[in-house]
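A lone chain, given as structure tokens: the form predicted on its own.
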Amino acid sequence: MPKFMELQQKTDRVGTLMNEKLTGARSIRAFGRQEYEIEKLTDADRQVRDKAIEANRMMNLVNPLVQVLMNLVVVVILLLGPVQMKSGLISISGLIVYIQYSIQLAAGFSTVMTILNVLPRCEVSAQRIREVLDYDSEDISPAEPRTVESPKGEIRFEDVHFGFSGAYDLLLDEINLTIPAGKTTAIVGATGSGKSTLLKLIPMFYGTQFYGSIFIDGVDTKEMMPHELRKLISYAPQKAAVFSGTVESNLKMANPDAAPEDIKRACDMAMVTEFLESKNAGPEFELIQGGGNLSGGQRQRISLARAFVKDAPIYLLDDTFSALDFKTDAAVRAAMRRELAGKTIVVVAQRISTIMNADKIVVLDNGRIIATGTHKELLESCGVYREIYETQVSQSGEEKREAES
């Protein structure tokens, strides 16, 4: 059993390496590392081969051994049978019965050995399947679930602390923040400051694995069932997820009951219509797995359109403008101001130009809120925000003109 466990682990390693090579093929070619990666995969294959030979050698020795022993039993019967027949202890028919029983017994042992050959592999595989089936991603089970009546979209963090299991430092520390209903709130900060993590705590993507409380319209999210909580939220992730199918089927993941006019409105808002028209296509345009026939910016627009097609009081946009050019960025923001007026919008962004017109800007640094305010207020009072702004607008005159507009 331990040897088959090791064999399964090494087989997994081959699968992982193969997946890496296929998804990272362009990077491998770009850096000329084909030979190195081939050798790496060959070495993993070699380890699987050696471990398979070692495990199967032990199992394959048992079956012939049993066959030899059972055939020896038949030989002993044939040797002793005539002697006992002469003595009158057994008849010829009795001898034949003994031989037949011995052959049937040998066949039964052969079947048992075949089962024993497969059993260790089945046990290892079953254990791994059980780990997946027994995993419960939703550990929220309040005794008396609550719901939000007449949601407005106010979000309040009260003394929230969060860190990943096994990590030495907290990722978020002493978060006290109120996100007003019907307003646009932006979250900015350096890479690794905890912006995306803060956003993911709202829909309980990390379950209840945080200290403190998050309230939506006065109701603690820990007292809500996940599906009821997420009905209030439309979410666009940092990494744009595009699924095989059509543009329309991707958008209907957020709102299965979306009418054609809702699909068109969302596509117009996210500037999806623009690139579809350039392809002489509409929402029925076919997308391959992972959106491989789209550019990075086009995939991000699909992700935004999927968020816009759902009518929710709260919209969470996790750095969904990073792959958009400045013109498209400005057009999408203008459409949001027009179409999502009165909705609570929380935007994580790297570009100051994307969020400078937000009603409230929150600055994170090393998992802590160091300042809140409007763009003008933060330029005067927050050195970190001012440094980010000056770095970005000084990169080129074009960026500066866009930020000032």
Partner chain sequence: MNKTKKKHTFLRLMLYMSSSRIKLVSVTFILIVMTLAGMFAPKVVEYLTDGLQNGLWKSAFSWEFPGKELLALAALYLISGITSGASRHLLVDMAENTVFSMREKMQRKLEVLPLNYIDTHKRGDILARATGDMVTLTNVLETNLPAVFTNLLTIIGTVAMMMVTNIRLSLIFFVMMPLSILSMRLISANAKKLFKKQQEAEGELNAHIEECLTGNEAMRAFNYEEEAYRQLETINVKFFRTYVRSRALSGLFSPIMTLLNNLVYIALCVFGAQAILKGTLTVGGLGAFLIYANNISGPINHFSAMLNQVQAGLAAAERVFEVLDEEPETPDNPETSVQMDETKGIVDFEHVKFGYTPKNILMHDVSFHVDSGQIFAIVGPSGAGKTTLVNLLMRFYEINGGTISLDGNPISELTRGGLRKFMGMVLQDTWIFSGTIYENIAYGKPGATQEEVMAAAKKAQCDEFIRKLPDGYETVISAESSALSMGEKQLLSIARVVIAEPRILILDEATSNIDTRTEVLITKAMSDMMKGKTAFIIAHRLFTIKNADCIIFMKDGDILEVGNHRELMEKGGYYAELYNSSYA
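As the structure is a computational prediction, the values presented were derived from the model and not from experiment. Numbering follows the first chain given and starts at 1. Rigid core (definition): largest C-alpha set, two forms, superposition within 1.5 Å.
Absent from the display: the form predicted together with the partner chain. The rest refers to it.
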Would 150, 281 and 355 all count as contacting the partner chain in the model of the complex, using a 4.5 Å heavy atom cut-off?
no
Within 4.5 Å of the partner chain in the model of the complex, heavy atom basis, the matching stretch of 124-132, 270-278, 173-181, 233-241 is 233-241
Name the single residue among 186, 224, 254, 214 that comes within 4.5 Å of the partner chain in the model of the complex, judging by heavy atoms.
254
So in the model of the complex, does residue 33 come within 4.5 Å of the partner chain, heavy atom to heavy atom?
yes
Using a 4.5 angstroms cut-off on non-hydrogen atoms, would residue 200 count as touching the partner chain in the model of the complex?
yes
Would you check, heavy atoms only and a 4.5 Å threshold, whether residue 205 touches the partner chain in the model of the complex?
yes
4.5 Å heavy atom contact, residue 377 to the partner chain in the model of the complex:
no
Which residues from 306-324 come close to the partner chain in the model of the complex, meaning a heavy atom within 4.5 Å?
306, 307, 310
Core-superposed C-alpha of residue 48 shifting 2 Å or more between the shown form and the other one:
yes
For residue 98, is the CA shift between the shown form and the other one at least 2 Å following rigid-core superposition?
yes
Look at residue 88 and decide if its Cα position differs by 2 Å or more between the shown form and the other one after superposing on the rigid core.
yes
